[in-house]
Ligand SMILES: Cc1cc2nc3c(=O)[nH]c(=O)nc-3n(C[C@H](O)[C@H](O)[C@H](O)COP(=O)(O)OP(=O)(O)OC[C@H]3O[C@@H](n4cnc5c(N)ncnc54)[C@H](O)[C@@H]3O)c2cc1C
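Take a look at this single chain, the form predicted on its own, given in structure tokens.
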């Protein structure tokens, strides 16, 4: 078994997703401890150029027309064939819909241990240990990874996107896999990619806002959204929300921040009454400053926030809005 750290690279519509750069940054730290190299795994068709800024020692590239669009079964088949002949120390995935799905499939097929919702991997006494969150992020568990190959689905937050990028231009190294054409041909009879759809931008593009006032369950009722809007107006920002708010149609889908919504990078992200589930936090790690307001002192959002206060947001919002207006 080698001491190399593999990273699965996620990309959509010809663009590398931010989560992949964060995983590469983690891999660099781990490879320095293990004495191995960082190997990026890039699957696709005519996307070799994505390798250029990846912070890896090597970029392995599997190019095939059936890999042009993401189909779980196709990517899983390629990774299974690749790992069947390679034995890296760790394989890192982003804890996203794509990454966690592939990691769990590989774990089942190859019998490899998998740590999901992982916050951190670090060396300890010659071994690697992990910290993972359970119970919706309210509890953290620590354990030792086995010395054999292990799969890790990591929650973003510990590293910044820039740390996983490289100024050196990398080229992709093609990796031929025996029997790949036959495997993908069989899958093509079962799975058909219909198209890629993004929600309409709506009246506000939250990915371009410098200040976001984002609300969760703690807002309690749709009528209270006006309090968040008043603050957003005073700050010259916009209102966004977590999944429960959008599911109740209190805000349009275009305002959803999270794994199934938009990834945002504002200068200030006000998380009001948001607990901080992984599906939400992975989309806000690019914010310059996260400010959390929650009545629950153990809310996971406080682990990510730069500033936090344990307070009822309904008590805070009117006072804060008045203070902002007075300062302006």
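Note that the structure is a prediction, hence the values are computed from the model and not measured. Positions refer to the first chain, counted from 1.
The same protein also exists as the form predicted in complex with the ligand; that form is not shown, yet it is the one meant from here on.
For the residues 293, 284, 38, 42, the 4.5 Å heavy atom test against the ligand in the predicted bound form is passed only by 293. 220 is the sole member of 220, 148, 173, 253 with a non-hydrogen atom lying within 4.5 angstroms of the ligand in the predicted bound form.
Heavy atoms within 4.5 Å of the ligand in the predicted bound form map, among the stretches 104-112, 227-235, 240-248, 78-86, onto 240-248 alone. In the predicted bound form, at least one heavy atom of residue 299 sits within 4.5 Å of the ligand. Within this chain, residue 257 lines the site of the ligand in the predicted bound form, having a heavy atom no more than 4.5 Å away. When contacts are judged by a 4.5 Å heavy atom cut-off, residue 317 does not count as touching the ligand in the predicted bound form. The ligand is not drawn, but in the predicted bound form it has a heavy atom within 4.5 Å of residue 275. Annotation for 38-65: no interface residues with the ligand in the predicted bound form [heavy atom within 4.5 Å].
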